[in-house]
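The chain below stands alone and is given in structure tokens; this is the form predicted alone.
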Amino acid sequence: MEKRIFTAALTGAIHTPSMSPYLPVTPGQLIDEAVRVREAGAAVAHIHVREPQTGVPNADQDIYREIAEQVKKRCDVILCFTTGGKLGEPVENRVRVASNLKPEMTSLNAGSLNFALFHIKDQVKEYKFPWEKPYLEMTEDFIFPNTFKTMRQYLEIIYANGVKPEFEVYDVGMLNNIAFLLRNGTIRKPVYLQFVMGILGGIPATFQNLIFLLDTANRQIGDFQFSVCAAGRHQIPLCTGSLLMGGHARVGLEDSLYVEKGVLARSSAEQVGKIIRIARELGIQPATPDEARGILGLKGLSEVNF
């Protein structure tokens, strides 16, 4: 496949405002970022939202709608909304965006894990907001819950609203979860996998592990598309590995705050531009949003509820 899908994850729920002055927080900043990454060549923008004054990650449905409506007015990028929300968000809040907005795509975390950020708290010399350090510290004793029951319930809602799930795979056991849910009819083919690598509590970001994930998916799932995202300094190398193996790639400030060693990215669009330059050197071209819709079998912008 000569065309590949490039996704930009704009803000996430991992990094805090004190870690970078360029982390988008307000609806206006996120809207502008979605347009920028589209202009840089991304076909998909992955959306989390935050409390505008302090940057606390949340699942505010009004903010989701504001971003969705304004981005749709300005460009044709595919919006993939998180069902992860912030760490600790009640599970029932996390999936509401699927039924409220009926978007083309949402994430679906494929299993529970120890999602740890506490080890990065001392990298920040001075915090802007009082919530930031306790938010990171609490992850030493935190399990990110995605049970078989909640996955089933989420998928029922997601499919009922014509949404494509993007399965976030943090470790190889989650492929076993997906294979089980395929066998019992809970998941529909074709499947779109996102290998999320380098989170403490998940699979390390190495090329050997990417090969292992892909081989396991081929054996257990068979018919699928896949993309790769990797934390921090592993972002560009592992995304390049994905391209070489026939996959798609996700970059963005959710996954790494840097565009190169020691240089903060001023926008996720800088990272999109970098990985697309590498892709073109390999003879790979970025898919447009409409081409990505065809690759993934999405319903199109005319069928969303925003």
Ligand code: KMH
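Numbering starts at 1 and runs along the sequence shown. All values derive from a computational prediction rather than experimental measurement.
What follows is about the form predicted together with (5S)-5-amino-3-OXO-hexanoic acid (KMH), which we do not show.
Report task. Identify whether (5S)-5-amino-3-OXO-hexanoic acid (KMH) in the model of the complex is within 4.5 Å of every residue in the set 46, 109 and 170, based on non-hydrogen atoms. Result -> Yes, all three are in contact.
Requested in this report: Please name which of the stretches 77-85, 218-226, 231-239, 180-188 has residues with heavy atoms lying within 4.5 Å of (5S)-5-amino-3-OXO-hexanoic acid (KMH) in the model of the complex.
Outcome: The contacting stretch here is 77-85.
Query raised in the report: Would residue 254 count as touching (5S)-5-amino-3-OXO-hexanoic acid (KMH) in the model of the complex under a 4.5 Å heavy atom rule?
Result: Answer yes; at least one heavy atom of residue 254 falls within 4.5 Å of (5S)-5-amino-3-OXO-hexanoic acid (KMH) in the model of the complex.
Query raised in the report: If you check in the model of the complex, is residue 13 within 4.5 Å of (5S)-5-amino-3-OXO-hexanoic acid (KMH), heavy atoms only?
Result: Yes, residue 13 is a contact residue.
**Report entry** Non-hydrogen atom contact residue 192 with (5S)-5-amino-3-OXO-hexanoic acid (KMH) in the model of the complex at 4.5 angstroms
**Finding:** Contact with (5S)-5-amino-3-OXO-hexanoic acid (KMH), no.
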